[in-house]
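Okay, so here's just one chain, in structure tokens, the form predicted alone.
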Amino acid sequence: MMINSNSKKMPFIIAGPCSAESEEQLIETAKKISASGKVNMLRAGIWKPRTRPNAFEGVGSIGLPWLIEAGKQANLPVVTEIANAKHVELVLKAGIKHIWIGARTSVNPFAIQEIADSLKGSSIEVFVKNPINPDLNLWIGAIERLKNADIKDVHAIHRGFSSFKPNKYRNEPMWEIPIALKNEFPDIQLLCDPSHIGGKRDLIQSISQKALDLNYDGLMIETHRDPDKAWSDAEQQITPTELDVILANLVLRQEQNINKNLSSDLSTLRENIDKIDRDILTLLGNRMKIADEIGIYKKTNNITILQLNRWREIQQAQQSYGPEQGLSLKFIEKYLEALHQESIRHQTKIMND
């Protein structure tokens, strides 16, 4: 699936409308997105899982031959979403060789197992979107179930995670989770779905660039001939012309530096980073030794481990000092939370000894 050119990895691009609406719509969109020669696969949703009833839930299996014909006319392989064994039966019968499993399905191990069992013996290629909730093990489990069913070509798509906190994204990226997935499966192909992460077309460029800077293998971008009239997710779809502009403006970076002099400079910087990291761990170890002494004092004097006023003092002080050092408040928050939990663990051990 991966394409290489001059040591710079070209992203694998999947593009097409959120939903199949008509054969004409699919064919027109497909021809336009294929004109640039940068798109590798045509996508369209045939079945659309919606949060509430009475929303457009896809045209159903009638759209499968439309998608296949659009792919033929654009000379592109096609991919669509499936959510159960019946969908698998229908796409296999239609001759579709690429599918993706959506976030609402990958969150359910029973559904994934049903799909894996129905795919046994097929040579189909499967893309697994991350589950709705930020649970790495659910994503890993979905991939493992498919691999255990002897599906050879299993890839991952990062489409962001639902969050109760309002922010600029439709789905919080939480980049650390797909990075952890890649660490678990180093050989897996990882794609990004900036359309679902952003939820707005003006965020697609920046999200796509960040994904490539993090060494993702490709992108899935929702593209429609007339996005404002789309039957689903209109705000996050772009025109084929806009897709061409986004792809043309992506900066492609190489994983390794082929310039020996520059590589030497990078090695020196990394050695400095490694030394600082060791110094930080040494300081944290010393901090926990003091936390142990505090734990002994609290146990001796019958004082509770959690002291909310003291914890708030630490938070306020470090959230003021951290940004002065160029650190984001989000990082400071996560760092302090981890630090606090480790300190509580040390003191709890002492209390229960």
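We number the residues from 1 along the sequence you see. What you are looking at is a predicted structure, and each value in this text was computed from that prediction instead of being measured.
The same protein also has a form predicted together with a small molecule, omitted here; what follows describes it.
> Closest heavy atom of D217 to the small molecule in the predicted bound form, within 4.5 Å or not?
Flag for D217 set to no.
> Do P65 and the small molecule come within 4.5 Å of each other in the predicted bound form, heavy atoms counted?
Answer no; every heavy atom of P65 is more than 4.5 Å from the small molecule in the predicted bound form.
> Look up in the predicted bound form whether C18 has a non-hydrogen atom within 4.5 angstroms of the small molecule, and give yes or no.
Within the cut-off, so yes.
> So in the predicted bound form, does any heavy atom of W100 sit within 4.5 Å of the small molecule?
Within the cut-off, so yes.
> Partner absent here, but in the predicted bound form, which of 280 to 288, 54 to 62, 41 to 49, 301 to 309 has residues with a heavy atom within 4.5 Å of the small molecule?
One stretch meets the cut-off, namely 41 to 49.
> Can you pick out, from R104, H155, K182, R201, the residue that has a heavy atom within 4.5 Å of the small molecule in the predicted bound form?
By the 4.5 Å criterion, the partner-contacting residue is R104.
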